[in-house]
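A lone chain, given as structure tokens: the form predicted on its own.
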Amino acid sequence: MAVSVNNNFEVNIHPVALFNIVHAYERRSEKFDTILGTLLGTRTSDSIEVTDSFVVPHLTHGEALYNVDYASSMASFYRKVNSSQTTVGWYSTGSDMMAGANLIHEFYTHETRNPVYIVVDTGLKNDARFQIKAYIGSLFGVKEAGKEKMKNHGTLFTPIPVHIVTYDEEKAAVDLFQSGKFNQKFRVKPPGELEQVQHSLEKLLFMLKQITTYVDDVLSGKKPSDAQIGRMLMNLINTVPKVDSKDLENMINTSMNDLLMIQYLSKGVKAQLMLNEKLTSSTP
């Protein structure tokens, strides 16, 4: 028997891919209790980064009747839009691996090298948590007598670590969605430019206060010193440009004035468009 597994391999999945999976699951036909689809992203020698996904039609949950032509065509369309994204694996929804997963996985071995299989528990059956499991498939078999090649007898799925990672833009969107939990109507509204600046400054001041409190506690002996944290703080200080306080204040004021001017002009243009629309609609 021969099994090839990289124990250091891991999967990083972005919220956009998860949103597409959940959206497709919520809009599925009532006769299906699961959905299947393709994962898109990039790969390195020790990890796969899943940045997007799309659903692939299939017949029933119990049978592995997968529309491979649709999967191949959609993957080629996605590559035309974004050439950096390639097929990296596939997914299914449910609390555990689906029946016939080895047959579908075999198809994806012809589409990409070492495809990953991700199971997303959209039904929230396991402790009411949104669980994600990732597997890497490895062929296993036994060499026949008098033959050099090994005869494959199946696919062995090995669990690998999976992490949810975000870009800065995705993190901002996720934080905005999370704020809807505290709204009775579950509605969210993107903050304005000045509100974002205010929120960023408040967050920055809070973090600076935490850092200064920690440094003061270390200097006074209340907390033990940590060389790693000290090096991180030194690197942080070295990244700050050396600018005179007056020049820095002038730069901030100039940027703020530019922001206010853009906001003023955008509101003026919006008001003019609304007025023009009302005049046009009222004219016989």
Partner chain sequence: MASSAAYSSKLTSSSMSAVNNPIKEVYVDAMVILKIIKHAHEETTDAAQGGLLGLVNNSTQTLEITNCFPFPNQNKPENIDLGNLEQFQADIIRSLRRVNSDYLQVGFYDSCFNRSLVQAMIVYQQSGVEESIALVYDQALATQGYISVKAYRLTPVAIEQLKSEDVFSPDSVKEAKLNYDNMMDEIPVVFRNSHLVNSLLCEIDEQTPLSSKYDTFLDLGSSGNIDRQLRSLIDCVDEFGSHAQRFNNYQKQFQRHQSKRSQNDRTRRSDGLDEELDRITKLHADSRRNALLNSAQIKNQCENITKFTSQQLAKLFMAEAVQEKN
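Numbering follows the first chain given and starts at 1. What you see is a predicted model; the values in this text were computed from it and never measured. Think of the rigid core as the biggest set of C-alphas that the two forms share within 1.5 Å after superposition.
One more form of this protein should be noted, the form predicted in complex with its partner chain, which is absent from this view; the next part is about it.
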Point to revise | T38, A134 and M232 each touching its partner chain in the model of the complex (heavy atom, 4.5 Å) | key: no
Review point. If you check in the model of the complex, is E26 within 4.5 Å of its partner chain, heavy atoms only?
Key: yes
Check your understanding: If you check in the model of the complex, is K203 within 4.5 Å of its partner chain, heavy atoms only?
Key -> yes
Point to revise | 4.5 angstroms heavy atom contact with its partner chain in the model of the complex for K171 | key: yes
Check your understanding: Is T122 a contact residue for its partner chain in the model of the complex, using a 4.5 Å heavy atom cut-off?
Key -> yes
Review point. Is any part of 69-92 within 4.5 angstroms of its partner chain in the model of the complex by a non-hydrogen atom, and which residues would that be?
Key: Y70, M74, F77, Y78, K80, V81, N82, S83, Q85
Exercise for review: Establish whether a shift of 2 Å or more occurs at the C-alpha of K246 between the shown form and the other one, with the two forms superposed on the rigid core.
Suggested key: yes
**Study point:** Rigid core superposition, D33 Cα moves 2 angstroms or more between the shown form and the other one
**Key:** no
**Study point:** C-alpha of D258 off by 2 Å or more between the shown form and the other one on rigid core
**Key:** yes
